[in-house]
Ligand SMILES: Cc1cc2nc3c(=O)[nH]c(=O)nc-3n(C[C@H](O)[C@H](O)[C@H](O)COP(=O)(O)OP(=O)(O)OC[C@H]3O[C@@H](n4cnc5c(N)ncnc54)[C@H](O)[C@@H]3O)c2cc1C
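Only one chain is included here, represented as structure tokens and corresponding to the form predicted alone.
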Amino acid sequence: MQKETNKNLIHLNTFGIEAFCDEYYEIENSLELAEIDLSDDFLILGSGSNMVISKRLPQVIHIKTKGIEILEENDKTVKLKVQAGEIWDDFVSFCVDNNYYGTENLSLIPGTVGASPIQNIGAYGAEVKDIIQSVEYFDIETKSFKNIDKKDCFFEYRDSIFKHKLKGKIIVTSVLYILEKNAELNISYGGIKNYFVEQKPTLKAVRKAVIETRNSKLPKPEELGNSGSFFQNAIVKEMKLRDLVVKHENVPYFKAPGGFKIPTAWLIETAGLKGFRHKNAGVYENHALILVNYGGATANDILELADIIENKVFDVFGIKISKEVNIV
């Protein structure tokens, strides 16, 4: 275990925001967690994506555990135990290279394996909950390791028990996934579907299509600081949707649990904010769901920009959008 004090986290968060912590611990073995006297206000850090660090932190626990272990395997499925510190896309690459189906649509999502169940990450018609069997975690109060089954994780759209009842009480240490060895590929999402008009979809081809699609729309954090999608897509009731369709005939929408999903990127762009800048932060010119750091942006710059966007979308559409990123 490595420990540092007064650590600058500017290179450990994908927004590239300067932020400091009093104590920084780098964990390469989950057993080391029991050796730390955790404060009441600590941050678990993976790859530093999907977050805005808005204050000085007393403790940061950087999970860098590695390992992909095959627990069970038969002709149809494989069960994999993956350590929380594994980079998510490295795990996806491993699965595709070994012809394991289920992660390919989630290619290139930034972050670590440990964050995948917390956020219930998803993209291009897939969600990680569909391949998770259970999650192992370190219980901070008892200093012991426990497992929680998928059914008890209460997975919903970009949500789980880890963001509510268990928040601040546990640290995800590994995830158990079940993947298929032969399954129907999901190419229903528009941009991916169009990719296969003239070619046959294969596991590797779907991963390649997702990567190319994401790279064409999303900035690389090392080139332009960002945390991926800043807001969740909006969910509205049927009555609200009818009202929107009357005023905006081209509004895109999809049936979803709880109502109808409207792409928040469309709401932001239609509200006239695509490419909008506030101080050193801005709405990415190629994708309105991405807020970016143009250099030297502070957490306040980004949060002020988010407030401007939320207020404008509500003024134009009467829809309150929610942040997907974690504000810490």
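These numbers come from a predicted model, not from an experiment. One rule holds for the numbers: they count along the sequence shown, beginning at 1.
Just so you know, the form predicted in complex with the ligand exists too; it's not on screen, but the next bit is about it.
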- Partner contact check in the predicted complex: of 231-239, 180-188, 122-130, 246-254, the stretch with a heavy atom within 4.5 Å of the ligand is 122-130
- Query: At the 4.5 Å heavy atom threshold, is P201 in contact with the ligand in the predicted complex?
  - Reply: no
- May I ask you to check whether I171 falls inside a 4.5 Å heavy atom distance of the ligand in the predicted complex? yes
- Query: Closest heavy atom of V292 to the ligand in the predicted complex, within 4.5 Å or not?
  - Reply: no
- Message: Against the ligand in the predicted complex, would T103 count as a contact residue? Criterion: heavy atoms within 4.5 Å.
- Response: no
- Item | Listed residue that, although the ligand is not shown, lies within 4.5 Å of it in the predicted complex (heavy atoms), from R158, K150, R207, K81 | R158
- Task: Identify, from the list L43, L273, I36, L303, the residue with a heavy atom within 4.5 Å of the ligand in the predicted complex.
- Result: L43
- Item | Neighbours of the ligand in the predicted complex among 47-84 [non-hydrogen atom within 4.5 angstroms] | S47, G48, S49, N50, M51, I63, A84
